[in-house]
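Single chain ahead, written as structure tokens, the form predicted alone.
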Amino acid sequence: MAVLVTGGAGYIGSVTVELLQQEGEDVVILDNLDRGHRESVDPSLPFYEGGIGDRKLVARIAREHRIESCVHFAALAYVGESVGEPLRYFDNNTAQGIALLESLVVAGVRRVVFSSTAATYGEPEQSPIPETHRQLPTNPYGWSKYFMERVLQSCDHAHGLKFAALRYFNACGATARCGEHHEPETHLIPIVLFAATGKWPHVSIFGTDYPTPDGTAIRDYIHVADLASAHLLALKHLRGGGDSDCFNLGTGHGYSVKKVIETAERVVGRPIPTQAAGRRAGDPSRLVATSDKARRILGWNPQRSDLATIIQSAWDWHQKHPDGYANG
């Protein structure tokens, strides 16, 4: 019996695959490599290049590897891009996600750990955000994940498909093997590190007039290895007969863009050039989560998510991989 990891060559997916391997799990990866990197995962693992909406391919994988659970990462995940290309996001994240679930149900797979997002909450009415907070996304990316959560709930009622939807916030940091390599890069911490090395001329600070203490947006930053551990715990929860549920994965406190830059300057030991810019469409001012539910039910306890540790791990990886996976 094996675990299918969709998007397993992506940033969070590859780290989760790494942890599943360490735990002795049989892992099968499905990734279209649109934004993932084949080099990020062990070449000995069964790897299928293709889309989650390919029903014949998913059926063949499920049959040949006796898939018993799925950890579903595969999705487009740029907020700004989703505002400009909403149909692409609804097709890729929602329509093809539904096709994946249909294929899994037909194959008899009844456990799914779903990579959801804090973007389903939209502009928060309270902070930290609990799972009971109303969900009203402010961008198509958030809506595409919101719709998938609703589809999963319906599949639970109709087919007994048990799921854990993990709503996480800002994934960051690196392991010794896996780090962030996006094209284009839009995540703050790697951009800050690129500016520190001169690869980028400066860090654009998108919005300096938010209703926050220093005027810049606040986010809850989670080390990618801590996120990966939550996926494994969620899988164990479902295997143990746990009910379908949604869980926030956050630290309960956030850091502003300016605070991230200041911390990075201390880690790398040099000043980092910045430039103020206008707000990006669809960006809330503050996203911070309470993760009490994940701690209580899943036993999740993030170990590496203080900001300095996150940035140091990312800095170490980028120092070894200045061109990302392009140079091994």
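Note that residue numbering begins at 1 and tracks the sequence as displayed. Since we're looking at a predicted model, the values are computed, not measured.
The next section is about a form of this same protein that is not shown, the form predicted together with uridine-5'-diphosphate (UDP).
Think of it this way: in the predicted complex, uridine-5'-diphosphate (UDP) has a heavy atom of just one of Ala164, Leu227, Ala217, Ala75 within 4.5 Å, and the residue is Ala217. A single residue from the set Arg60, Lys259, Arg280, Arg38 has any heavy atom within 4.5 angstroms of uridine-5'-diphosphate (UDP) in the predicted complex; that residue is Arg280. Contact with uridine-5'-diphosphate (UDP) in the predicted complex, judged as any non-hydrogen atom within 4.5 angstroms, is confined among 91 to 99, 125 to 133, 196 to 204, 108 to 116 to 196 to 204. uridine-5'-diphosphate (UDP) is not shown here, and in the predicted complex it never comes within 4.5 Å of any heavy atom of Val151. In the predicted complex, Ile191 approaches uridine-5'-diphosphate (UDP) with a heavy atom inside 4.5 Å. In the predicted complex, uridine-5'-diphosphate (UDP) sits within 4.5 Å of a heavy atom of Tyr221. Although the partner is absent from this view, His253 stays clear of uridine-5'-diphosphate (UDP) in the predicted complex, with no non-hydrogen atom inside 4.5 angstroms.
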